[in-house]
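One chain is shown next in structure tokens, namely the form predicted alone.
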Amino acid sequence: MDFLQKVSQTATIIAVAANALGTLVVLALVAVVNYDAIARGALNRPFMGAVEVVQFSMVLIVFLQLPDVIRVNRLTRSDGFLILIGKRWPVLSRVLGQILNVIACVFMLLVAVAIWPEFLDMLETRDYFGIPGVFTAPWWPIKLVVFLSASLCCLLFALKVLAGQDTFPTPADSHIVD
């Protein structure tokens, strides 16, 4: 159990750090959008590539913050059914919750396995997105973030299953904590 605790602590540190990095990407995105709006309106000189930066940033934000969202059990989903049956049949609710964690773990593993060859291809070919001469960026950083995020999410779901954690909030836990 000591090994699982160390793995869990390491995964937690990485998830929190990725979430913080995702927050910095949000702040950078706000700066880019504000700059584009001011430059477009006041100077009639828009930031060329603002759309591409927004697209790039949105993927980064989602995949950088997803592992921490999973870690703290705030993944958006409908678990009303499990809460409802949990009042009467708590063991059934926990078992169904763990089954869903296994399915989510497998899904994240499939995402990681599917994106890895794409990452290697984009790294090798130096493929990019955007408009040549206006704004371009390489694809490989996005593919790498998706791979690492999906891998970490898979690990987090696996840890939840191995630890037997009930990942669905009880009615008492359903309030929002700030």
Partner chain sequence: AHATETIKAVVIDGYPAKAMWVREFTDFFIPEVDKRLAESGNFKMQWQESYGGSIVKPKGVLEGIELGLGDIGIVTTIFHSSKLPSQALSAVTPFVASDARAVARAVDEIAKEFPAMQREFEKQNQVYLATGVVLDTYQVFSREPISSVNDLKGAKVAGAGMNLRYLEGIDGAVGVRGGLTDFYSMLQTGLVDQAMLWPEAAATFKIAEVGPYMLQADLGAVNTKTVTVNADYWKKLPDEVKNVMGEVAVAYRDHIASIAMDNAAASRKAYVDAGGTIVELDEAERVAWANAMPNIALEWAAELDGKGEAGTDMLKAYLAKLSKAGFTPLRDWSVK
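If you're wondering where the values come from, they're calculated on a predicted model, not measured in any experiment. Residue numbers count along the first chain shown, from 1.
Note that the form predicted together with its partner chain isn't included here; everything after this is about it.
- Mapping the unseen interface onto this chain, Leu120 falls outside it, with no heavy atom inside 4.5 Å of its partner chain in the predicted bound form.
- Contact annotation for Leu148: none of its heavy atoms lies within 4.5 Å of its partner chain in the predicted bound form.
- Looking at Pro141, you'd find every heavy atom of it more than 4.5 angstroms from its partner chain in the predicted bound form.
- Contact here is defined as any heavy atom lying within 4.5 Å of its partner chain in the predicted bound form, and by that definition not a single one of Phe3, Ala11 and Leu162 is a contact residue.
- Of all the residues from 23-44, those having a non-hydrogen atom no more than 4.5 Å from its partner chain in the predicted bound form are Arg40, Gly41, Asn44.
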